Each structure stands twice: as C-alpha cells, then as structure tokens.
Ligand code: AMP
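For reference, the chain that follows is the form predicted alone, supplied as structure tokens.
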C-alpha cells in the first residue's frame, strides 16, 4: 500500500471507530471517549515516569500575548506555522458590512482586526515569562501541559493543526540542561516501549523557514541540539513518525526572558516533550481500534487497576 493509501486507511478506521470525528478542516478533529481514556492513561504514565524531577506544575491557555510571542522570535523562524487571533472591533456600520459579506459567502473574517493574541505554538513558551529571574543552585524543573497550534493543514491524522504537548523543562546551566535532555530521552523511550511501540531516537531539526532556515536547521543537526523519538505508523517502508523530542535551547530563552543561573550567567534551558495526540494515535495504529483487544501487557501498564 502506498503512503497516501496507508494514511487514508488509518484515517478511515479512526473515524469509523469513533476515535476521531471530522470537524470540516484538515488536521482539526473531535476526540472521542476511547481516545480520551487512552490519553489520560498515557499522560498519567508519563507524569509517573518523570516524578523524580519534582517539577513545578504550570498550565497555560492556548493563546499567548503578542508581546510574549515576539520575545520568543518564533515568527522570524517559523512564519509558515504562525496563527493569530482576529476579533471584531467595529460598530453598527462595520457589523452590517460584515453581515453583507457573509451573506454573499465572502471572507467576512478579513474584516476582523488583530486581537493582540497569538495561537500558542509551543506549550513551554509562556513558562519562560513566568520564571524570569535568578534560578536556585542546580536549576529548576517544570511540568507544562498545553495546547499548540501550527498551521500545517494535512489529511494525515498524525499531523494535527491543534494538539497538546506535555513537556518537562529544565532551566539551569549548560551542564544541567544538557544532562536533563540526555537523561530524559532514554527514560521516555523505555516508557513508550512498555506500551508496545517500537521507537528509535534520531537527530532532528525544526522546520526553519526560508534559505536562512536551511542553515539554521543544518547547524541544529550539526550541534546535536535536538533529538526525536520516532515510531513506524504506516508500515516499515514509510518514514517513521516523530512522537516525542528532546531539545537543548542553549541560551535562547534565557536571553530573551532574562533568566539567570545561580552564578549570575544567562540560563540555559532544555526540554523533553511528548506529543500527546500523536502518541495516542500511534497506539491505536499499532494495536487496533478496540482498546479491550489490545495486548494484555499494554493494558496492564495503562490501566493497572483495570
């Protein structure tokens, strides 16, 4: 079966089983009860696997202020993925014009204006604004689960426009940040292996935009800043799908948000992130659409109490 055929087949089976429901736009789905039950179990297992970090827990909304978004410099590197919030700010005349355009099946949303909010592209971005300042000796760990938006419309159910990442972030020195990244990846791989997923860690790069982006991506790979955990979803002949990543950000966020280590130097940060929807869908692709028929060892890890 071709890759396109395999993608269409998985999508069909997920929809037929009620795991997902279409909402009319590529990469935007409703999530059914079976999906949610697996999601909650995977998330609990993930938290338990990293309980030793004693991480501070933070949760943020799916939007972030434009001022915060600008500090991350995301739009310079990934404009193709960026999304902003448009709002109506007019009066009666502007409303009448909006309704006229809508009645003619026009693009009434073009009459909205920027609302000062951006769709959050990474769960951890707001965290750096919260932790700005001086860190304690040894740095600090953070647990962040949040919604992400990236404008990548696709028929592939493994590539959603709106999805959740659960990240364990460390802020500290270069040594402590790289140690966090390097120790987290095999721990996460072992957890995913316990769920019957075949995973491999590979060097990776982010999808930087344009000609300059190609240089940035090459440098990211050359410096071994980012690794991904990938798993086969569409057969051994198809490219595996990334479901998790471990990243060393160097001093990017420390500089942007005024974060310093205990010695007064600019802090370094690193994170390990699990793509929650991708992981859950990879489990359905691997084990089938009916969770009661999944292998007993997998069910006992996810639901140890039945």
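None of the values given here were measured: they were computed from a predicted structure. Numbering follows the first chain given and starts at 1.
The next section is about a form of this same protein that is not shown, the form predicted together with the named molecule.
With a 4.5 Å cutoff on heavy atoms, residue 31 does not count as touching the named molecule in the predicted bound form; it lies far away.
Taking the partner from elsewhere, residue 240 is found to have every heavy atom lying beyond 4.5 Å of the named molecule in the predicted bound form.
Taking the partner from elsewhere, residue 95 is found to have every heavy atom lying beyond 4.5 Å of the named molecule in the predicted bound form. For the chain shown alone, residue 244 is a contact residue for the named molecule in the predicted bound form, at least one non-hydrogen atom being within 4.5 angstroms.
Interface residue among 181, 150, 71, 140, judged by heavy atoms within 4.5 Å of the named molecule in the predicted bound form: 150. Checking 225, 165, 119, 129 for any heavy atom within 4.5 Å of the named molecule in the predicted bound form turns up a single hit: 165. Of the stretches 172 to 180, 100 to 108, 154 to 162, 189 to 197, only 154 to 162 has residues with a heavy atom within 4.5 Å of the named molecule in the predicted bound form.
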